[in-house]
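In structure tokens, one chain follows: the form predicted on its own.
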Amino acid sequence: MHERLLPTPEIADALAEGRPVVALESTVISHGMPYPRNLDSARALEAEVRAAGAVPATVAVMDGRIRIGLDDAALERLAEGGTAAWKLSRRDLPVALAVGALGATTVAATMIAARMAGIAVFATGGIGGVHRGAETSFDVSADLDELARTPVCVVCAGAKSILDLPKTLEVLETRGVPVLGFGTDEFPAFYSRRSGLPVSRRCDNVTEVAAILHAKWELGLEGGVLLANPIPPADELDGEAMEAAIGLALADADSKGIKGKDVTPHLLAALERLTEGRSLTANMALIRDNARVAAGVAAAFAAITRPKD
């Protein structure tokens, strides 16, 4: 394992023994909600992975190392640090490591760390993508390029609904990223189960997903796989109401001149305010469900790839 990586003993043992491990990002802890709610949510998310039969590996950067899995003290340190922690994508990782910054990993950075550690499956809320108005702003998330180059399965509830979903899917298709729908023919729209946009393949069980992962990487095809898992029906929010709230949030960001990586956290905070907390509740519900599905995929993939006696 790379000297910059520091796995917990539990995760190192699980990887050495071929047991299922699920990577988890850490920006949802540092930038997703205030302390101590973020700490409680991080613990609950890890418990969800364990309950589904896998080992959770929350990823963050601390003291010049990429931490693969956080013990409770490290988890609390990150939660207390909040937005003072750097928000890390691919371009930021070497800088944060070199200067010893406290950093929380985005989808892209978590994928990089997972690949380096040998973790095949990663659970998150929603990926970044092509922002609305990207034809003039050129604002496209690094998550899409990472999916094209890094062999990790990302389990999500689609792309964040504040984005341009048709353009996001078009970029993924161009980059050769399989977009699988877990129990759905449609690409989910984060807070909503439906977008009207098709996925490239529907999968109704984790065994088929694992077989697709194995076939892709056995062929030496670069890049990841996106597994889109719709928000649970009980937690779905009204699509029209959310679209109206997103419009208000976007207008607010534009009026304040907010750009780049600051756009998404600003919009999510605005949505939480406009929906009186319902968007955050839905966000946590879908992340927990994604963690459960990811654990199942990780177990199925481990069963395929584990050396036979």
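Given the structure is predicted, the values throughout are model-derived calculations rather than measurements. Note that residue numbering begins at 1 and tracks the sequence as displayed.
Keep in mind the form predicted together with a small molecule is missing from the figure; the text below concerns it.
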Problem - Of Gly224, Pro188, Gly103, Gly126, the one that lies within 4.5 Å of the small molecule in the model of the complex (heavy atoms) - result: Gly126
Problem - Selected contact from Leu268, Ile68, Ala42, Ala282, since only one has a non-hydrogen atom within 4.5 angstroms of the small molecule in the model of the complex - result: Leu268
Exercise for the section: Would you please decide whether Lys87 lies within 4.5 angstroms of the small molecule in the model of the complex, comparing each non-hydrogen atom pair? Expected result: yes
Exercise for the section: Indicate whether Glu146 is a 4.5 Å heavy atom neighbour of the small molecule in the model of the complex. Expected result: no
Practice task
Answer yes if any heavy atom of Ala142 is within 4.5 Å of a heavy atom of the small molecule in the model of the complex; otherwise answer no.
Solution key: yes
Exercise for the section: Answer yes if any heavy atom of Thr264 is within 4.5 Å of a heavy atom of the small molecule in the model of the complex; otherwise answer no. Expected result: yes
Practice task
Decide yes or no: are Arg4, Thr58 and Leu75 jointly within 4.5 Å of the small molecule in the model of the complex, with each residue judged by its heavy atoms?
Solution key: no
Exercise for the section: Look at the stretches 274 to 282, 43 to 51, 26 to 34, 238 to 246 and give the one with heavy atoms within 4.5 Å of the small molecule in the model of the complex. Expected result: 26 to 34
